[in-house]
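First, one chain by itself: the form predicted on its own, in structure tokens.
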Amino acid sequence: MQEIIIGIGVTALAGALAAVAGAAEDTESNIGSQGDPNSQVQLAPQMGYTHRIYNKAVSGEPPAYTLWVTLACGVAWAFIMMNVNAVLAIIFGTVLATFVQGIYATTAYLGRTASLSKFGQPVFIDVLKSVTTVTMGHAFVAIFTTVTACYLMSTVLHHPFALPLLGVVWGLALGAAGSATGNPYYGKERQYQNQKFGAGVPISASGNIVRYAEAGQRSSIDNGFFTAKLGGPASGLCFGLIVFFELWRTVLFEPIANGWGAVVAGVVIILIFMIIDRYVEVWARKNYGPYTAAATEA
């Protein structure tokens, strides 16, 4: 009974850490414009729309955060094996991974922007200086919280995977959660907020992203403020629930039927969420229906 109580406490703590990680990850990727909508940021100068958006799409978010988190977990694990305090080891690993992320972000922004020089897109040094450090700060939070959750799984819950391997699994899950949940907010509600809601983006508007804010040209920091209100919390909730339900079913049901109880519980959870998703989709379609153009007076 004591192990179950401790396991439930660790599950709640890991879920809270994952919620913070998801919010920080999506905010970082949207400030740096690393998600799927970045294709429009890259396309904009080719269509004649120069901008001040930070363009650092190193890769998709899942493989990028797999690298950052795995690197931090590997370094932390190595220090722990040398009897270094676990908190310091996790901090050392996170700092190193954050510096690597900053190097990738800098080279990606300079390289991708330089490739657009023929279309008149300049490299803004002030954007490079101001945005890179902000993405590194958010990346530090996302990496640190994820590595801490992995460490709790390894030491308290006695997960059979080593800490670096847990970093691979949960780094990939972190990037996937932020990419799937937060990118629609960045792309549909921010880059193309000048389009009618639900109308989609016509081919003629490709690359014509919103480039002007309330005062002057829009910057990536503006996108960060927007993400912190909507896309970030949604991504944090998504990743937090993933971690919580994964650990919850393992702690409570793994002792049943040699582990098959946890498998059955996982399948049941997936089916429940599928039913909820279907209900919400049908409800939304019945209440709002397909997009229709506004009627015009004759």
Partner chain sequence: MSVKVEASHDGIPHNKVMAMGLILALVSLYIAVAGAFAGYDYLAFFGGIAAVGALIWGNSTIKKLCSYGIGTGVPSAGMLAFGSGVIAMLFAAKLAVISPFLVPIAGLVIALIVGLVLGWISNSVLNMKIPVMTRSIAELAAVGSVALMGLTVVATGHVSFSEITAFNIDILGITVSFYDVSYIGAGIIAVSFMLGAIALQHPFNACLGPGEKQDRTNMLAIECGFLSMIVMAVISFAFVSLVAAWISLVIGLIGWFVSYKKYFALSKRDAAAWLDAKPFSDAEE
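Quantities reported herein were computed from a predicted structural model and do not represent experimental measurements. Positions refer to the first chain, counted from 1.
Note that the form predicted together with the partner chain isn't included here; everything after this is about it.
Using a 4.5 angstroms heavy atom cutoff to the partner chain in the predicted complex, all of G74, Y104 and D126 count as contacting. The stretch among 151-159, 175-183, 137-145, 80-88 whose residues place heavy atoms within 4.5 Å of the partner chain in the predicted complex is 80-88. In the predicted complex, R52 approaches the partner chain with a heavy atom inside 4.5 Å. A residue is said to contact a partner when one of its heavy atoms sits within 4.5 Å of a partner heavy atom; G111 meets this definition for the partner chain in the predicted complex. In the predicted complex, the partner chain sits within 4.5 Å of a heavy atom of F99. The closest non-hydrogen atom of V95 lies beyond 4.5 Å of the partner chain in the predicted complex. Listed residues V41, L67, C238, V251 were compared with the partner chain in the predicted complex; L67 is the one with a heavy atom within 4.5 Å. This chain is displayed alone, yet in the predicted complex one of A228, I221, V168, V201 has a heavy atom within 4.5 Å of the partner chain; that residue is V168.
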